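The data below hold one chain only, encoded as structure tokens and taken in the form predicted on its own.
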Amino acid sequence: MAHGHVELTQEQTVIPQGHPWRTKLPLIAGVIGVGGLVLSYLAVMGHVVEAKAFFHSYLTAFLFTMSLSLGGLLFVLIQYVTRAGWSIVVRRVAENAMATLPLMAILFIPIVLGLHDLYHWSHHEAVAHDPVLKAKAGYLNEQFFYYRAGGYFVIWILLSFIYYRGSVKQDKSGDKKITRRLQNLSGPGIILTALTLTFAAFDWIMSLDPHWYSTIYGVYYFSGSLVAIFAFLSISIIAMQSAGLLEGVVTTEHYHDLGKLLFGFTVFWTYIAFSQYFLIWYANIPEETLWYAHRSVGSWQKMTTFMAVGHFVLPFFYFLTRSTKRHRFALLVGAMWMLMMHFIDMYWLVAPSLHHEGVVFGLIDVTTLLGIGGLFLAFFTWNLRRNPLVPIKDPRLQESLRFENF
């Protein structure tokens, strides 16, 4: 740990007036987002794509973007519960990512509207003639689905509001009690977030195939969300520093830790993915193996192989060295790759429920991703303008500014 007090200037902690990140970037992202959703809507209305294809593509893009918002919330909660000092200078970026959760609640509305196109269990006649669906009807029914989804968003938005409001309030007051209060709340907050995220994964992804189940499925989505947020934080902060922001605030030492976390949770995701597959494989129970059978035929088999190599083997050796995690461009390339692989992972989870024979990736998959992703980035960059880019009066800010890896 280096010694000495580090003073931050206003130029280091705010986006200057007239800066592209204050003026142009939110507008450009917003236009792309609205444009992507409008094009997607026109494609459905013009019968260029079927409604089922649109809703499956929309769900894929939503789950990918939602993982960034939830990943931001998880990152913030973890930093408070562990009393981490190194992460203070990057925490505000994660706080702005989690602050997009109200937007994600609004963007969930099309999924509600497309319930019958997405979920087989939502058809009463299907339930009536299927003993498995009939047995699960107490949980898998429309009304309870809506109540659960509403409950998830209420909890997530409430937690994000408490932590975001507390963090920016401390920027003005410098009250150390705020940190202690948020630290005390972080334990229950993580439990609530983990439980609701788990059941959201069951409801929104696993129930696409209601005959199949996996108790580890929520952890799978949880681990993917953390991979996504560490990649997103790395990309965002490198981009900000390339634009002249956060100079002298985020250093090589912080990039090193972000790289280590990205590497670690890539391995954790692989452990969860392999554990799920291996247990189902050696048990060889038909109702469990069917889900993997859909992903082991035609071009889905090639994508499954690509996932194993691209989501684990390549990044494992790439991030293994210390130099990769400490070099900004190398970290940027690796983080962008992992974010791309995370999207492919979401596509691999959702699309086979519609396209059983093989991969069918079309323009609608691009427009929905641009639509939801663009609005997310617009809201995220708009939030960045409202408050300092770092928690300027956090009691552990100096520890973070002087942080060194050994």
Partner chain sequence: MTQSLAEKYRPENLEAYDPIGGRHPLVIGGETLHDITELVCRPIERKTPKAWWAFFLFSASLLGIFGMSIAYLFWEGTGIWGLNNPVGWGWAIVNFVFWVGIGHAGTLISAILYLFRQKWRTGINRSAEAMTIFAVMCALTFPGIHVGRVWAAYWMFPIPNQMGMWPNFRSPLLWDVFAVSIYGTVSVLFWFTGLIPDLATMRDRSKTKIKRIAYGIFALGWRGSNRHWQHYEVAYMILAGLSTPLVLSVHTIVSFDFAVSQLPGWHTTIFPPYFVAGAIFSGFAMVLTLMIVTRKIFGLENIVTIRHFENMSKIILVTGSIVGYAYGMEFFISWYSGNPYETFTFVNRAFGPYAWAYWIMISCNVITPQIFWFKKARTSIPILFVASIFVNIGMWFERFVITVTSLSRDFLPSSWDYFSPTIWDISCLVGSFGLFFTMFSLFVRFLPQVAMAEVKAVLPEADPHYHPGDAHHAEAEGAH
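All values derive from a computational prediction rather than experimental measurement. Positions refer to the first chain, counted from 1.
One more form of this protein, predicted together with the partner chain, exists but is not displayed; see below.
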Original post:
Pro110: heavy atom within 4.5 Å of the partner chain in the model of the complex?
Top reply: no
**OP:** May I ask you to state whether Ser122 is within 4.5 Å of the partner chain in the model of the complex, using heavy atom distances?
**Re:** no
**OP:** Verify the contact flag for Ser275: yes if a non-hydrogen atom of it lies within 4.5 Å of a non-hydrogen atom of the partner chain in the model of the complex, no if not.
**Re:** yes
Original post:
So, in the model of the complex, is Thr270 in contact with the partner chain at a 4.5 angstroms heavy atom limit?
Top reply: no
Original post:
in the model of the complex, which of the listed residues (Ile157, Met307, Met206, Leu332) lies with a heavy atom within 4.5 Å of the partner chain?
Top reply: Met206
Subject >> Contact assignment for the partner chain in the model of the complex, among Leu314, Ala105, Ile280, Leu245, heavy atom within 4.5 Å >> reply: Ile280
**OP:** Mind telling me which stretch in 94-102, 110-118, 227-235, 171-179 gets its heavy atoms within 4.5 Å of the partner chain in the model of the complex?
**Re:** 171-179
**OP:** Establish, in the model of the complex, whether Arg83, Asp257 and Ile285 all lie within 4.5 Å of the partner chain, using non-hydrogen atoms for the distance.
**Re:** yes
Original post:
For the stretch 379-406, which residues lie within 4.5 Å of the partner chain in the model of the complex by non-hydrogen atom distance?
Top reply: Pro395, Arg396, Glu399, Arg402, Phe403, Asn405, Phe406
